[in-house]
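Given next, in structure tokens, is a single chain: the form predicted alone.
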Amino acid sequence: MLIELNKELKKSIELLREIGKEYLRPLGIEADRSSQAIPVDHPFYNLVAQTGFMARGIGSTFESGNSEKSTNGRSNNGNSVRNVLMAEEGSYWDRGTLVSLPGPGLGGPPVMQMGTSQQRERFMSIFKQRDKPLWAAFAMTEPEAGSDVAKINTRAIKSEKGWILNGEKMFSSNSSRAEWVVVFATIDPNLGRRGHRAFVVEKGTPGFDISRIEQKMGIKAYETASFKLADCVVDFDNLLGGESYYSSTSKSGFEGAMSTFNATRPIVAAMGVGIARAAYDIAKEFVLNEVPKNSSLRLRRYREKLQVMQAKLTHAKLLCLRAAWLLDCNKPNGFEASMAKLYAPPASLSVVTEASNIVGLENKDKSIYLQKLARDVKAIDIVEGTQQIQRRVVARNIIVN
């Protein structure tokens, strides 16, 4: 695996670093203190839209898995690696604010992976404009079907008017402000994976109603919503991939969802690395500048702890990059994506915890901020599939291979 950062990517990371220092972290701290998500009309979002970030943000440029390979065998133009690096850097400053940024977010990958060329243009092109901030979202989780995607119960019934959706979704980031939401449903629960279909539900569609905004312990800068679909009629053209993408004997809908997760799991895992890196830097600064130089035993112990923390972050980041690199090379990456998601969250949490132990109560401001990071990083355990699900995927691959 050889990863080289081109000038454009280096420039993007440097810009994100500047934005992070000036906006992402301060806004994240403010949202955490107020327990209120950043409002839609915040001037910062207009600034983000004007820079063109919506078209080049994290996940926005995910190439279609159905696209032809380039001459060097790479079908994704390095976008997966780019997304991982951008997610890690943005989360270093504040994951909550990063996820709140306008753009397609997690709704982008399923559209690009499963949609027709007309659907990709229709739903993704709106993010090329710079006049105002726009959001999109993704909804899979249900009250009775968390990480067990095969058991979703939201029903999709084909009628003369279009597809009629009925069901409930939860833990959907930014869906309360989204222009459209990718919703996974089933035409028949008895068909299991073969019954899965993906639809784009547009803002203002009758029967699509936000039921509540979740109150969270961490990552408070963005809204996590639950919504209901009650006789929600979706146009035939909003079935991702069209009828030809699915067949009565195919698992295309389920496989499309899994392909989406294989693209997004390394990104989410890298977000945990970014949060933990912020904690590591706080602990390192504390050891270098605030621990008395004559405390040789204490300094030695802390330095040993910092070395272990740094090693965990390095391993986690490399796992994320490998999973992304394989996707960019148009190679199967399901095992590697789950391995990254399995290792990075607990490793990141342990780094944040250790940083808190090092700082203790000796520096109140650092201690309070580390408490925020601990609450933020815990969510990475759950987002894009719990640790239990990742263990099953990894174990299945080990046994089969």
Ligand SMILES: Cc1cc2nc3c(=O)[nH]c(=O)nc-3n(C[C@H](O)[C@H](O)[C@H](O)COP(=O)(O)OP(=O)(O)OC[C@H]3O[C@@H](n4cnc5c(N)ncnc54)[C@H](O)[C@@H]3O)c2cc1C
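What you see is a predicted model, and the numbers here were worked out from it, not measured in a lab. All residue numbers refer to positions in the sequence shown, first residue = 1.
Just so it is clear, the following notes concern the form predicted together with this ligand, a form of the same protein that is not shown.
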Note: this ligand not shown here; in the predicted complex, the stretch from 81-89, 153-161, 167-175, 188-196 having heavy atoms within 4.5 Å of it is 167-175
Decide yes or no: are 106, 138 and 379 jointly within 4.5 Å of this ligand in the predicted complex, with each residue judged by its heavy atoms?
yes
Contact label in the predicted complex: residue 393 to this ligand, heavy atom within 4.5 Å:
no
In the predicted complex, does residue 116 come within 4.5 Å of this ligand, counting heavy atoms only?
no
Residue 216: heavy atom within 4.5 Å of this ligand in the predicted complex?
yes
Though only this chain appears here, would residue 252 touch this ligand in the predicted complex if you measure heavy atom gaps against 4.5 Å?
no
Contact assignment for this ligand in the predicted complex, among 224, 238, 259, 205, heavy atom within 4.5 Å
224
